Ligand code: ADP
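Quick setup: one chain, the form predicted alone, written in structure tokens, and binding and motion questions come after.
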């Protein structure tokens, strides 16, 4: 593949792994500037984008490029002021026509996001596959569209990574937008809301009108959709501002929709008054799809791209990718690219070979350090707090979960666990592991949290 084609294909996979707003913000004006000796150089428009990609999305970029070309060993980022207006360099001019054809056939990167609402028009109820794993959330979403601001307000949808939360909440926005052209609608991630607020505070310290304009913009909305609200945890000033915005909208009968990777009660460092607001409407979860639903999702996505394959191929993908809809779509995207480039009917042997790096990649090796790091990040506390003898209420539960995971995932001995987690006696480790093990059976929220931690722990 030439540079342009390689980057388009990589972006197609990356798009499925991060929020659409973040994708558009940080990756829209990037290109591959060079590729030598296994090192890919990505041209970016400014230093801020370079730093963000290095710190936040490097693993997605590197993994996607490696999936497409196995010789990729490293990715570096280079600031190029002319990046937005420069055509990517071609290393295979004979492939130009074929590349253009693929670009037209595979609409992976053209987001067409509405600049006013931030909604992606591809996300609709029509192409949202419903199964037992998401039927409650889907039914609640439909009910909201018929009773905006009056039923299930707020609507809070939670579930693991890549299960369709963003699709569903944006489908609500697109439905309302098409039915009511006079409604003010806004979709945004919690990170972008926080960033907008922080930037306003900085400029507002010199000019009060900036803050007044911020409040007006967010408090005149008829349908506010906030994605990934777990990232509000720990941001005290942002939480305070959103609390007031929430109250004003809610009291005015405006609809609020929220999504998260965990239920409200499991969001660390969230003010109790805001947690109470989140729990005041309808809470619906999205779990893992069953085999039949996974096959249906694959066939739906394939139909959208006018791609056909045998039932055997769809079933092979669905049987091997069980917990992430984005990964299903990523595998399908790779097959479509493979088919378009080779222009011949796919057979199961070629499919297995093409998807080998996705399906047969072993779980990332885990150890004491990775468990401590993952648990600490999940509960937004420091690793130091987790392993010290602190008796802070917000640390006790994460520490017990860390001990439980060390026992369950690494089969560590109780004396080892006690020693490593704060130099405690082995009886403390036994107590912690038994407490978490017993509580999982009766507390579905805790079970969800531990599954999410494991998902992050083993994320390739």
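The structure presented is a predicted model; accordingly, all values stated were derived computationally and were not measured. Positions refer to the first chain, counted from 1.
Beyond the structure shown, there is the form predicted together with the ligand, which is absent from this document and is the topic of what follows.
Taking 152, 288, 128, 77 one by one, only a single residue has any non-hydrogen atom within 4.5 Å of the ligand in the predicted bound form, and it is 128. With the partner omitted here, the residue from 233, 263, 281, 162 that has a non-hydrogen atom within 4.5 angstroms of the ligand in the predicted bound form is 162. Residue contact check for residue 123: one or more of its heavy atoms lie within 4.5 Å of the ligand in the predicted bound form. Interface membership of residue 189, defined by any non-hydrogen atom within 4.5 Å of the ligand in the predicted bound form, is ruled out.
When the ligand is considered in the predicted bound form, residue 134 lines it closely, a heavy atom lying within 4.5 Å. In the predicted bound form, the ligand sits within 4.5 Å of a heavy atom of residue 325. Looking at 382-390, 242-250, 270-278, 166-174, the stretch with residues near the ligand in the predicted bound form, meaning non-hydrogen atoms within 4.5 angstroms, turns out to be 166-174.
A decrease of at least 3 Å in the separation of the C-alpha atoms of residue 441 and residue 163 is found in the predicted bound form, compared with the displayed form. Wider separation of the C-alpha atoms of residue 441 and residue 269, by 3 angstroms or more, is seen in the predicted bound form than in the present form.
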